[in-house]
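Take a look at this single chain, the form predicted on its own, given in structure tokens.
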């Protein structure tokens, strides 16, 4: 039996697939928007762009736009346009990230920079941003989406710059790192929820509740993403595992391990993050360190704390399938395997 968000019944959804099923028609419309607004008359441009736009992914941000709109009683098609916009911003950021990280695989496929080189990848990322601008200028000048997305894109760039500047800083604090990921990852996830809210309501309390929800799951998402880099294999991740370790990046699990281990282990950990260290040796040491200090359960506990605060922010809304979906999505962000 297919469930729809138009029914008044309250459903408990146990997994991501069921959440997706609830808004399947919306997601199909969003995919059509993505194809429509990124098409190019030039064959190679179109081929390169569609390689990343159609490259899969769970479409978390579009889902958040749609569900946030629905929880505020909005059912119109403008949610599909804004969902496509946030997904294009996200995809563009991934394309540029892959260039910076020299990543070979993304979502189980060759990255653009692997397939066609850095120049093409950078330009495709720029093209996607240009398409976003084209979609936004068609909107009315007082549309809150304009300011929200301008602020969000700026924050994402600032987060990337700060993270690049802090690269190799072994003493970066947990608070500093959380601030960086709130910009790099959290801002667009929160904006997705805020945009959806604005479509359905003018009540500041409801808009703020969904923004807080987005901020909290954005942080939870990145903490789990950091952890999965160390705990899942490449096939599940859709990219090379231990990529952060290979690049000497301090992420949430490493920062926690550094904080709780002893001095000699701390010195060894710093050595393992050096690019000249043998990769096999580094992976073995970090896996052992994580096991000794319970890094995985700690990270999941912290992430669940953010997810629980996200769910608490939804209490302002009546119990509907849309609210249930958002609540279940918060838990899914923590329990996911890729």
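Numbering follows the first chain given and starts at 1. Fair warning: this is a prediction, and the values are worked out from it, not measured in the lab.
Here the subject shifts to the form predicted in complex with another copy of the chain, a form of this protein not shown in this document.
TODO: Heavy atoms, 4.5 Å, another copy of the chain in the predicted complex: which of 92-100, 221-229, 203-211, 262-270 makes the cut? Say which one.
DONE: Comparing against another copy of the chain in the predicted complex, the contact stretch is 92-100.
Open item on the list: Using a 4.5 Å heavy atom cut-off, which residue among 172, 178, 104, 123 comes into contact with another copy of the chain in the predicted complex?
Closed with: When another copy of the chain is considered in the predicted complex, the option within 4.5 Å is 123.
Task: in the predicted complex, the residue from 73, 78, 110, 158 that sits within 4.5 Å of another copy of the chain by heavy atoms - done: Looking at the other structure, the residue within range turns out to be 158.
Open item on the list: Using a 4.5 angstroms cut-off on non-hydrogen atoms, would residue 114 count as touching another copy of the chain in the predicted complex?
Closed with: Contact check for residue 114: no, nothing within 4.5 Å of another copy of the chain in the predicted complex.
Task: Interface membership of residue 149, another copy of the chain in the predicted complex, 4.5 Å heavy atom rule - done: Answer yes; at least one heavy atom of residue 149 falls within 4.5 Å of another copy of the chain in the predicted complex.
Open item on the list: Within 4.5 Å, heavy atoms only: does residue 139 come near another copy of the chain in the predicted complex?
Closed with: Contact check for residue 139: yes, within 4.5 Å of another copy of the chain in the predicted complex.
Open item on the list: At 4.5 Å between heavy atoms, is residue 27 in contact with another copy of the chain in the predicted complex?
Closed with: It does not: once another copy of the chain is placed as it appears in the predicted complex, residue 27 has no heavy atom within 4.5 Å of it.
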